[in-house]
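So this first bit is one chain, no partners, the form predicted alone, shown in structure tokens.
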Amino acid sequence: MKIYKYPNSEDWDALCKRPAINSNDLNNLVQEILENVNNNGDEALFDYAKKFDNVDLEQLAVSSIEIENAKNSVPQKLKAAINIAKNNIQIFHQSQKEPALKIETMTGVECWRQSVPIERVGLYIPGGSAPLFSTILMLGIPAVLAGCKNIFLCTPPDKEGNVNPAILYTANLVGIQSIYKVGGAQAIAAMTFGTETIPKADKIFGPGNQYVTKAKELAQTKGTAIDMPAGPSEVLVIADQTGNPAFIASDLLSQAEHGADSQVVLLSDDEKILEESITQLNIQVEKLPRKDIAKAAIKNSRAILLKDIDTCVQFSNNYAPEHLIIASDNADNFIDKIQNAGSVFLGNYSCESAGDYASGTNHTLPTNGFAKCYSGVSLDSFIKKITFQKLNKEGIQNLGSCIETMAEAEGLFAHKNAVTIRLKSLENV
């Protein structure tokens, strides 16, 4: 992890760059996968399962027997933990529901906005070295609360053709019955176009590797919406002299172990905290089962010494991290200065893992600087807002002249006439 001391503000953009990938080769490969699935449907998916997952599948859909077996094989302790997380996530997202509020903008003119669920929602759940059953809670719960009619899930199988039991248990727990054994870019392709087995989604959600991310990007060009642009996971920690180096190191590593292309950043105004945190990081990483992945991510990461915490917050706003941790006893003092972040963790005991699993907030968040203009997944991600207006006779009489004048000024006389003809019908009433 490279250390930078008091860099000039002109160098900040360079320090905020994420690890780059060869986008041209990636684009061509993923485009080929999308076209194959679009043209050949299930047949292409079976071929890709053999090629990428080393398995000959007999069917793509997970059976009810497989789900029942999974429910019985998940340890009770894990079930209890998942249920606690489910409850907290449900409470937090339930609070995001908004009633339709009718407003009379002028006498006889009534307007309101109504939430309507997206009908067909496709969820992608990674299932390789780290089966992310927690993401099912983060996506499935708000989808159900929103009232989406058709919620289905794609996740890769193992070499025996099975899906991780925790994934099946969690999907069943939140009410998702349609689960398909498809991973990677081909899963996104299937949900984009639909196949003989897998429905076409109106919107696709979920994290994934660079192939999944690119496939989601291309899906938008085919008429399917996605949750947000996303890339490798990242965390930025701001620490002052009240920070705990062991805690800080553990948070940095919790993101570094996601993947070799992840990035972690440490900012501080205290050189001792910076150095002690890096020492702790080097100690803790050796104890991790995924230490090789974490070490590769650390090579893409940096620790930066700045003059004060206000400057650290300014740098963070420029970076726009997916996860932002304020490792300080005085974290609340900086809340109003935070402009760009996916999710914020305040104080020395608010570990990033809490948000990843069970505090209640959503862990599907914008990465790669997109926190400057995107929010994380919420209940709103699964609904559309439709506006309504209702004018009575008095309303069209009150507003009509205004509309006629504006329409005529724009040269749109059919627009004007739609008002005029109504006003004339009311002249003798």
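Position 1 is the first residue in the sequence shown; the rest follow in order. In this text the structure is predicted, and so the values were computed from the model without any measurement.
Separately, the form predicted in complex with a further copy of the same chain exists; it is not shown, and the next lines address it.
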property	result
Non-hydrogen atom within 4.5 Å of a further copy of the same chain in the predicted bound form for each of 88, 132 and 358	yes
Exercise: residue 15 in contact with a further copy of the same chain in the predicted bound form, heavy atom 4.5 Å	no
Close approach of residue 160 to a further copy of the same chain in the predicted bound form, 4.5 Å, heavy atom	no
Non-hydrogen atom contact residue 275 with a further copy of the same chain in the predicted bound form at 4.5 angstroms	no
Touches a further copy of the same chain in the predicted bound form: residue 388 (any heavy atom, 4.5 Å)	yes
Options 183-191, 152-160, 303-311, 117-125; stretch whose heavy atom lies within 4.5 Å of a further copy of the same chain in the predicted bound form	117-125
Interface residue in the predicted bound form among 243, 207, 342, 140, criterion: non-hydrogen atom within 4.5 angstroms of a further copy of the same chain	342
Residue among 59, 64, 39, 375 with a heavy atom within 4.5 Å of a further copy of the same chain in the predicted bound form	375
Residues within stretch 73-95 having a non-hydrogen atom within 4.5 Å of a further copy of the same chain in the predicted bound form	77, 78, 81, 82, 84, 85, 88, 91, 92, 95
